[in-house]
Each structure stands twice: as structure tokens, then as C-alpha cells.
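Structure 1 and structure 2 below are the same protein chain in two forms, each given by itself as C-alpha cells.
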Structure 1
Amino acid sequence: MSSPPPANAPSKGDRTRRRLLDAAAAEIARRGPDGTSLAAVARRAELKAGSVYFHFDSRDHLIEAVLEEGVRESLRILDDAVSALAAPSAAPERLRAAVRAHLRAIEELSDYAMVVLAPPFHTAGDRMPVYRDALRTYLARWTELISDAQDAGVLPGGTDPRSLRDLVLGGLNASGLAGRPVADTARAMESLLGLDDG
């Protein structure tokens, strides 16, 4: 007699939805949103086309779910990295952990990262409110980390923390998507921000 699955184990429907999201992220990353069809997503997920419509009302709904998942998982990685620090941790330690977490998210979520960072979605917030809200939360977390580092005197205080955030994330995104080694990029950014131990 087999034992029942753990209470928090994903259901079959959850696993199928995840397969579809992963397949859609891979398709969109390679073909762009306009070149991605639901039939191709179903093929990549090794499912029947009807499975897509069972979980997602439309292609736009599926694309928004991919965007939301990419940002949500990036936020989870960021929050896990910062919360794993010994409390209370100084602003430079939190920012250093955030830099490494962002690069790890780009590496681990490569297809999702390529989709989230693709130019067609930079202004998608108006028609994709769930994605917009997830992205706002992620950016707000980064703004707080930058602002704390400014208050601690680690980063210059005369600049809008959102501008510094965008510069930091832009540099990390460019290096991460270019396939540069995570450790090398992290050390370079930490040095640039004055966070290196040396």
C-alpha cells in the first residue's frame, strides 16, 4: 500500500501548469511573444493543446503568468538570500546578498529572465496588472536596499535610489544575460559599489 503524498506536495494540475509555464518561457525566450504559439508550447511541454486552455484562458494570460512567475521566483530568491543573513545585518551585507541573489535568479531562471527582461515587456504593466504588481514589489525591495546603503554611507546619498537601483540592475542583467560567470560579475559589481571586502 502506497502512502499518501505529503500535504504540501504539488497536485497533478500544479505540475502540469508548471510544465506549461516552463515550456512557454522557453518558447518566448527563443521566438519572442509574437512567434510563440500555444500549439508550440503544448508540444514543448509534451501535452495536448487542450491542456493549455484548461490552465490559461489565452496566450496573453499565459504570457502574463510567465512574466509573473519569473518575477515572483526572483523575489523569493532575493528574500531568501537577505533573510538568511545573521540578524541584524548591515546594509552592505544585505546589498551584497541581493547582488548575488539577482545574478543567481538570472542563471537559475534563465528562460524566465530572458522573457522578463525582453524589451516588449518593459511597458506591459498597463495590460498585465498581476505582472506589474509583482515587478513593483521586486523593484521596491531593491530601492529599499539601495536607500539603506545610502543611509549607511556606502553609496552616494545625493542620487535618487531608484536611479541607482536601475543602474545596478541594468549592469547585473546585461552581464547575467551575456553568460558571464556569476562569481566574476558579483565581485565586479561589489567592487564598483564599494562592497568588496578588500
Structure 2
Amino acid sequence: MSSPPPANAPSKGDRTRRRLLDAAAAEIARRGPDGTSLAAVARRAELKAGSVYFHFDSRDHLIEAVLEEGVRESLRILDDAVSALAAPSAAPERLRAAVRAHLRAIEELSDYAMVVLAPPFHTAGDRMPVYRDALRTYLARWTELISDAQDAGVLPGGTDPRSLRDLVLGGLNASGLAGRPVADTARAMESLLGLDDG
């Protein structure tokens, strides 16, 4: 009757799962992980609350999946950007690429992006090891970039690179998530970091 689906096409289940993740990301972006109810997610995904359990073990697993995907995708964007540079590239160049990649991630991932904010006040991470590990990886990558820039003399050397990293990422997140124009934010941050002259 109906033509066969093309190979590799996402199954119905895959599509529903995606709808659920998107819906959850939207809710989390608006109400935070703790304020996100399954009912609201299900409604947004046009599903009954009980049906969610066919795709995820629990509300917490669904939320963790969203958070983890947010960081994982951010990491992918970051790594792609840095490795796209003509090797070998200097530390400042890599740092500038990273800044732009992070802002691009916030822009492209929209609802999924807020996770990288990692605000210390939702203890979510405690109960969500997969997310926590992904976040650690992402932060470690940044620490390295910052550290290299310090060694290259672009950033002040006497400071714990993690302090600098939090300063940079915290700033980008706040500005990006507040909806400031990305170009504006990027230019300002690059200026503060002394990267403007490319």
C-alpha cells in the first residue's frame, strides 16, 4: 500500500523520542530542570504523560538526556571549530575560535544550550552522572585552551585558569542567553581578551 521507507529513515519511535527531547529542552529552558513537569513536556510533544515512559525510564532520565545532549553537541561544535583551524595554530587563534564556537552553540542549540550555564544552584548534576561527566569534559577542554593562552602570554599568567575559564564562559553564557546579538557579544569578549587584532 504505502511505499517502503527509505533506508536509514528514523523510525516512528525515533521521531517521538526526538519530539520529547525537544519539548523537554524547551520546558527546561523556560522553567529550569526542577520546574519542568512531565505533564508539560508531554503536552508540548502532543503525547499523554504515561506514554513518555515507553521512551524514557523516568522524568529524571529524560531531563538528563536533554542536558547531556546539550553539552555533547556544544563539545562537538567546539572541537569542530578548533580542529578546522589550519594546523599548527597559535593559542590566541584557537581561543578566538572557541569563543565563537561557544556563542554559535548557544545560538544553534537554542533550548538545549542553557545547560552549559551549569548554574551551581540546581543540584541536578548530582543525580545525573552522564550529564555531569559530559560537562566535566567540556570544561576541561576550555581549561586547556585558557591555559595555553596564558602560556602564550595573551591572558594573565598568575591566575588559576579555571577562574579565568569561569569568567569567560559565565560572561558568554549570560550575554548569549540574555539574547544579546552574538556579533556584539563576540566582539566585546574578544576585545576584553585582547584578541581583536586577529
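In this text the structure is predicted, and so the values were computed from the model without any measurement. The term rigid core refers to the maximal set of C-alpha atoms that superpose within 1.5 Å between the two forms. Numbers follow structure 1, counted from its first residue as 1.
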Lone-chain pair; form predicted in complex with the DNA identified as structure 2
Rigid core superposed: L62 CA moves 2 Å or more between structures 1 and 2
no
Self-check item: Displaced residue check between structures 1 and 2: L164, CA, 2 Å or over, core reference
Solution: no
Q: Classify V52 as shifted (yes) or not shifted (no) between structures 1 and 2, where shifted means its C-alpha moves by 2 Å or more with the rigid core superposed.
A: yes
